[in-house]
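There is one chain below, alone, in structure tokens, taken in the form predicted on its own.
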Amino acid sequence: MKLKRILGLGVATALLGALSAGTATAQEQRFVSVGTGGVTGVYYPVGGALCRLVNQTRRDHGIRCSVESTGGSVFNVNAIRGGDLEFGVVQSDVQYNAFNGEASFADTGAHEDLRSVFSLHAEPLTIVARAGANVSAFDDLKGKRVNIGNPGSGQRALMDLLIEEKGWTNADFALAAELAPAEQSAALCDNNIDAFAYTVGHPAGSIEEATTTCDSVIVPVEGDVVDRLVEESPYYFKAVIPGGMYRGTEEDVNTFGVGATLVTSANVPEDVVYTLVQSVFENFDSFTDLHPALENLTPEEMISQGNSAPMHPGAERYYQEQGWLE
């Protein structure tokens, strides 16, 4: 009986210790959120991939990562600025404009605490038009019903710029719709719009939905205005959407676009950013296998391209340890 009491006391002590340790672990957990975009785009699954890799080793570092579907690039930058998000996926031009207080950030001023983490996939501006809408070039959109993108999204920011550079206004469209990405394919195939604009990595579910549900084509975006924008701005580049990727478009389509980037705030602790970066690059093959848009990424390009805001010290420390940065 005495031995049983001793054993019982030992078990109880062990259980108490385990419970105490579990409570301490729970108390030490930290939560971070990654702002992305619509669930039918590429940002959302990419954000999910980032969080999945961080959460795999949560027991080691106590950081729990969650992915948030948001209005897109501009929304994510503003949410990071306001402290509502720790990380966000944003277009490279939006990152530049936010840090420098230009374009849609002219009124709010430069976001001087914005920090880059790494760049991601290319995002060509993709114009999808119904086959019967008589749209074979960007200029044919004039007088048509066009979804230019929801406010706060990267495609809206890029479309606003392109429209302005061409000397147009939204009044030049029969309708300038502001639908979110999840709504635009159905609107096209229901004949509520003639075309929509989307900056997105390929292949993209929203484009596949539109091109398989109804007869539609991908329209080139090229010409003098595009040439000038690419020449003057380091965050724009020409791109090609491969022919045969989507039904109805058998030939390569010339366009231009931006890159997706991951950003954070200088106020996010160094070890949190370091852990996220480490989780990605120590599982790099797993990361690039999680979505076709990521499959051609290289660490060197992710560090050197599209990052116009200063590098966060946590990311910088990891890259220096790997010998990728001096």
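For every residue, the number given is its place in the sequence shown, counted from 1. Model, not experiment: these values are computed from the prediction.
There is also a form predicted together with a small molecule; it is not shown, and the following applies to it.
Proximity of T126 to the small molecule in the predicted bound form falls outside the 4.5 Å heavy atom cutoff.
Residue contact check for G48: none of its heavy atoms lie within 4.5 Å of the small molecule in the predicted bound form.
Under a 4.5 angstroms non-hydrogen atom cutoff, the small molecule in the predicted bound form lacks G88 among its neighbouring residues.
In the predicted bound form, the small molecule sits within 4.5 Å of a heavy atom belonging to T199. Stretch 34 to 42 is the answer when you ask which of 263 to 271, 282 to 290, 297 to 305, 34 to 42 has residues with heavy atoms within 4.5 Å of the small molecule in the predicted bound form.
Contact annotation: of the candidates N97, Q155, Q184, S216, the single residue with a non-hydrogen atom within 4.5 angstroms of the small molecule in the predicted bound form is Q155.
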